[in-house]
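The chain that follows stands alone, in the form predicted alone, written as structure tokens.
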Amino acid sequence: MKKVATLIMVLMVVSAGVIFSAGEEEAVSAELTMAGAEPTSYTKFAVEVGAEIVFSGWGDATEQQIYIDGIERFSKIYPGVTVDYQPIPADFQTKLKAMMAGGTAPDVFYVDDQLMTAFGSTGQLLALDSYMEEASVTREDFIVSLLAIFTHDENTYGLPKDWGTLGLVYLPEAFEAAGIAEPTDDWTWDDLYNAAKTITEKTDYAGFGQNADWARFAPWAFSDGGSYTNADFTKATLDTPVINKAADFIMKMKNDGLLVTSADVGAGWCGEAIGKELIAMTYEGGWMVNYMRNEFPDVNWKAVQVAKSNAGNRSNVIFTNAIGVNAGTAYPKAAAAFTLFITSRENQAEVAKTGFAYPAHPDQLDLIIDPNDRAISAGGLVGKVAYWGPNTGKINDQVSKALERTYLGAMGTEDSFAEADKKVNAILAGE
């Protein structure tokens, strides 16, 4: 919990937060008890009579149930607003762009960096600032670093629904079988390498699992100060000694037979490989808590922070997505009210109890109670938000492709990341 408290101090500004109810002609305060919580003061504002809004997001059955429950809580406060939940589990971004082009997009939907890039500067997302002001909600009610992705021309086009980071997830039984001590928060890259080597040599487990993925590469790349672009997103920074050092270390593990991909062991992703007890270690996030609980309840697993570089530095990556409103909605007030509620302290407190994701409010991080979840969330202490401006998706794709080339042996790390650097600079130049 000391780490969580530090995270609160380091990443964000804490301010007293309020949220609203609806249906009144004038803004008033009211007392409401939610799901057994203490009565909370709300600021109400009027919404459209008979509003019917459609809400869409991605996610599996577990995530869908979380939002079904959230809609039920919202309906108790806004009984006059009907919310039709229409999840889109696969190809969400592609389908939503097509729906937006065809005028059939939902009123409220998940917004990631890709959709923010597509809709944020084109007038297709509703600016939420005036509704936030009416509801006495401020940007400082949220972890402020999470809002960078969803801000354009000083307007807020999405509110973070949650966030995540990575930890070193492992199987204690693999370490016991190898006769070595389990990982700790003080581990370095060399510690990870040596443990993977011993496990590979002495057991039937693969040592470490990692796909050619920009996100899993991030903790390695960022630990000694690396980044994918410069601070103002105008120049690539992939052709650097720091990036090459991280990539070289990963490739040493792979070439020495200590690092495998999920496909190498017959799994769909490395989290599944942990669940199937095929690999001893991997970098995964807090989503493992519910995943393992639901899919592999009998498998014992643990988590610590990602390893430090051999220079003693540690960094991580922070993921976040938001809820945004279609600017073309027929019910902007009701849609904004729903967005503000779903991302509110009150609703996120209930989500936190499920272990699904970390609350986006700085004063709620002590709600993370699962020990593995707490260990993983500590990565937020040193994390970098995964955002490189409007070209984030394209830049991340080039990092993943650079790793793919090295994994396949098509290019060495230095040449591959120099190629990625050139391509990212071309992207940033609009070529």
Partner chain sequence: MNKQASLSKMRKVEERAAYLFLSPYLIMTIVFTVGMILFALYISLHSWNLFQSPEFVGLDNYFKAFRSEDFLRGFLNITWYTLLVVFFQTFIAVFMAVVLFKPIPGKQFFRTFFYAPSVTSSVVISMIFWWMYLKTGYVNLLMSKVAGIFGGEWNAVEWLNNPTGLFQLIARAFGGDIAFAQWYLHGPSVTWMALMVQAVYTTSPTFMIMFLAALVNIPPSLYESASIDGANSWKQFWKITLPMLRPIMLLVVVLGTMGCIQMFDYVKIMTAGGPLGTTLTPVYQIYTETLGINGPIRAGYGAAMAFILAVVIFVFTYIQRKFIEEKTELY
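This is a predicted model, so every value here is computed, not measured. Positions refer to the first chain, counted from 1.
A second form of this protein, the form predicted in complex with its partner chain, is not displayed here; the remarks below concern that form.
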Thinking of Glu134, Ser223 and His361 as one candidate spot, does its partner chain come within 4.5 Å of a heavy atom in every one of them in the model of the complex?
no
May I ask you to state whether Asp91 is within 4.5 Å of its partner chain in the model of the complex, using heavy atom distances?
yes
Contact between Asp397 and its partner chain in the model of the complex at 4.5 Å, heavy atoms?
yes
Thr203, heavy atom within 4.5 angstroms of its partner chain in the model of the complex
no
Asp264 versus its partner chain, in the model of the complex: is there a non-hydrogen atom within 4.5 Å?
yes
Partner contact check in the model of the complex: of 282-290, 310-318, 182-190, 100-108, the stretch with a heavy atom within 4.5 Å of its partner chain is 100-108
Residue within 4.5 Å of its partner chain in the model of the complex by heavy atom, from Phe208, Phe341, Trp163, Phe119, is Phe119
Would you kindly say which of Pro172, Gly268, Gly80, Pro241 lies with a heavy atom within 4.5 Å of its partner chain in the model of the complex?
Gly268
Which of the residues spanning 360-391 lie within 4.5 Å of its partner chain in the model of the complex, based on heavy atoms?
Pro390, Asn391
